[in-house]
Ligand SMILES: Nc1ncnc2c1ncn2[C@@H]1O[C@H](COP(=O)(O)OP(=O)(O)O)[C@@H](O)[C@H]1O
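Just the one chain here, the form predicted alone, laid out as structure tokens.
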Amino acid sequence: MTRVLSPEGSAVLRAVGLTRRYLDGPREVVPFHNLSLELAAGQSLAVIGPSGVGKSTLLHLLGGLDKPTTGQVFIEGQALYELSDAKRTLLRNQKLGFVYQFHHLLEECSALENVAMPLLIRRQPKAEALDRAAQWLSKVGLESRLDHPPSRLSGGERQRVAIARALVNQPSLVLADEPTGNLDRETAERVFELLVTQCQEAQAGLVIVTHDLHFANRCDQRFAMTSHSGSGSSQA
């Protein structure tokens, strides 16, 4: 078992004894076994390792998008997999933000509407939701792009919209799956720095899956997954 301890013990995220098994034809696949980690508010954790080792699978378990075979995930002390599907969905909307390699913005909506969407799903008044979305787009430097649909934004701008959307709900935890993987180096640098900085300012924990050791080494903690063991090793 490998454990990453949060600096002050006040974990926004805690995973205990996670094991995931599934069948690939006749073969049983175990991406990881008895994996544990912990992350404090405002801290960043990079998950690294070769393709196919289970990094995205781990992220899905931490975000309640998939269920572990055994083990538990706690978000601010709340056991994620003791909740009903409906309550787990509600917790994701209230406590978690997601950023992906491919931004997953709604093409028919403006940048402003995309960022406001999580608030509208929570039935927040539309004017209030749009106002807060505009504030977040300003924070990521897109105050002049509010009415632009994704098709009129560059790749870096789309990812900045995705970051604003992930943080507009003031989540406790942001999960990012290769958010710079589809960007050129200069744009990737700007997007990575923005993501880390905004999470720190919002005191949101950040778990980022990345192949890029340059970015991983700039996170507070690193968790390395290996293909031969399915478990991980870590360092602060």
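Counting begins at 1, following the sequence as shown. Keep in mind the model is a prediction, meaning the values are calculated, not measured.
Just so it is clear, the following notes concern the form predicted in complex with the named molecule, a form of the same protein that is not shown.
- Proximity to the named molecule in the model of the complex, defined as a heavy atom within 4.5 Å, holds among G64, P31, P171, P68 only for P31.
- Here the chain stands by itself, but in the model of the complex one stretch of 54-62, 186-194, 38-46, 199-207, 54-62, has heavy atoms within 4.5 Å of the named molecule.
- None of the heavy atoms of G181 is located within 4.5 Å of the named molecule in the model of the complex.
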